[in-house]
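Presented below, as structure tokens, is a lone chain in the form predicted alone.
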Amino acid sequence: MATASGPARTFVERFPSEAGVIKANLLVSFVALGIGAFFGLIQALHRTDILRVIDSADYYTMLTGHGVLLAIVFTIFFLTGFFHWATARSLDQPAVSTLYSWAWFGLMTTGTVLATIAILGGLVPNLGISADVLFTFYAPLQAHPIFYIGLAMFIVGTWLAGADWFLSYRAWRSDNKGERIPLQMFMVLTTMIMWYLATLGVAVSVVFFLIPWSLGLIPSVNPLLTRTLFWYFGHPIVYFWLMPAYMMWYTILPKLSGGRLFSDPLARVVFLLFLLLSTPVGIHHQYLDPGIAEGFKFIAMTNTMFLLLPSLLTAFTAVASMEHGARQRGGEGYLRWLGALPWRDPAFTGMALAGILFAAGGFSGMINAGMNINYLIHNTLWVPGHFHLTVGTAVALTMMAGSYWLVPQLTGTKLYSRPIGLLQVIMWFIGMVFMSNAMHRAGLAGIPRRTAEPQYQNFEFLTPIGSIFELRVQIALGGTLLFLSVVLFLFNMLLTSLGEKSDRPVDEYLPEPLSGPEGSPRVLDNLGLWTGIAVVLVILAYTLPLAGIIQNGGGLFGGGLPIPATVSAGLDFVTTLVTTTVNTLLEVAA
């Protein structure tokens, strides 16, 4: 393992097979980033009516491609590559089977190719393949079967990747009985447990409903049921995207600042809170759905507000760690220590700027989560404005910034250009400020999202400050800057990977925390206990709502009109189901 005096060998020299798997994951991630960003530029210019090069009907193909390739493919392939690195580095051992690692990568890639073919097929009408269903892909919108089959393969691939890391941990544990789980490994394991729990909803929706429906095997589905199963998965996936960013903020950002992590136990508590709280809250995306009782929505809102706690703890820990680093570098005063931070390092600056915009995204997220005030901005441009601050900046910018530190470890080369990297992260920050600010303000004016033509006859949107034209220009300008930022990033990564080998491409040593795990209770590492509690919370949050949706929405496969659900309807359904099952078992036993 690396020591304070520096690693004896680089990561790629110690773990060449793992480095190959990680580079392959990052390659797919970066290709998806480039294509998705290009689609985003076309959307921004088309919707604002600044420049139109496609028909409005094709806008939805671009929108689906933009969402799937960036929100799902770019982020999750980066995550699988980064977690593979963190597992090998923190356990100081290679994966159990390199062939198995390539197998889950191959399955994920094949699924991605199938889903992408279905999406791009929408641009060729004669092909008979399309998937203009947006990245949320729930009914009643229907895609070609290969889109859903590709998604299923992709999800199963992530499950196998998680199993790869659990097997590595088991091998490490057999040789290290009684030791605390290394922090990065702890983060990988808790994140994957949350992912296994969260993806059950989308797996059921895709395998049992959407694939048979798209193949014509069943005539209809229950739209509200597929929608609820999606959001059961659709909210925790946000934290699945965020967890790699959090891991970088907790373990890499303090080192880049010149200091050490403030508290290892606090980091463990934060990841456990996300494991427990991130899944039982998806109904807060469905405040306007009539088929779910208001009481269930109120419970979801309350649970969502608890999620502010781990985010606030993370903000405190990240700032405390950066201040410690700045003071180690000679920083003084209440705020003057900020000037001692390494702002010329694109890896540090990108992560720090991502954290600033994530704070803004957290405030706009509180509006989304509030049951009453959400009605003001529901399905408006406010929502993608919030989404671009969280996933589009906290996640994407942190991943790009982290790549400036991570990729040289994998290639054995030096970063091609730090100035270009610094320009790139600053350009992303400025572009996102323009675009997200305009989107939030447009949402307050009531301008809808998910439409290529937000203009209506005999109606004019009004803004209290500025004008609609000014907002359109800001969105177009922001989208252009973001696309150029991606071009600079990919250019820098390409030339870095093609550079000459270096003896010390990057210092990968991560210093020990100021407060280590030895002072925290060992129950934090009892992952079986926390998994059990998470399962119970999900059962409590979703059993009655799902029962009510099935009872009032025409059964599992639809066919009826959804009516406002009540708690009593859900209880009746559960009681009937349990009674029938017990009677059947008694008859069989007799």
Partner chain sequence: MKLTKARALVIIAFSVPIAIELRTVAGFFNIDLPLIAIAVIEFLFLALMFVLYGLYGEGSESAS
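Keep in mind the model is a prediction, meaning the values are calculated, not measured. Positions refer to the first chain, counted from 1.
Beyond what is shown, the protein has a form predicted in complex with its partner chain; the following relates to that form.
Although the partner is absent from this view, R344 contacts its partner chain in the predicted complex, with a non-hydrogen atom inside 4.5 angstroms.
For the chain shown alone, L353 is a contact residue for its partner chain in the predicted complex, at least one non-hydrogen atom being within 4.5 angstroms. In the predicted complex, no heavy atom of G128 sits within 4.5 Å of its partner chain. When contacts are judged by a 4.5 Å heavy atom cut-off, R336 counts as touching its partner chain in the predicted complex.
Contact with its partner chain in the predicted complex, judged as any non-hydrogen atom within 4.5 angstroms, is confined among 418-426, 231-239, 399-407, 186-194 to 418-426. At a distance of at most 4.5 angstroms from its partner chain in the predicted complex, all three residues I430, G466 and Q474 contribute at least one non-hydrogen atom. Comment: its partner chain is not present in this chain, but in the predicted complex one of S520, S220, N437, S515 has a heavy atom within 4.5 Å of it, namely N437.
This chain lacks the partner; the member of R441, H388, R227, R89 within 4.5 angstroms of its partner chain in the predicted complex by a non-hydrogen atom is R441.
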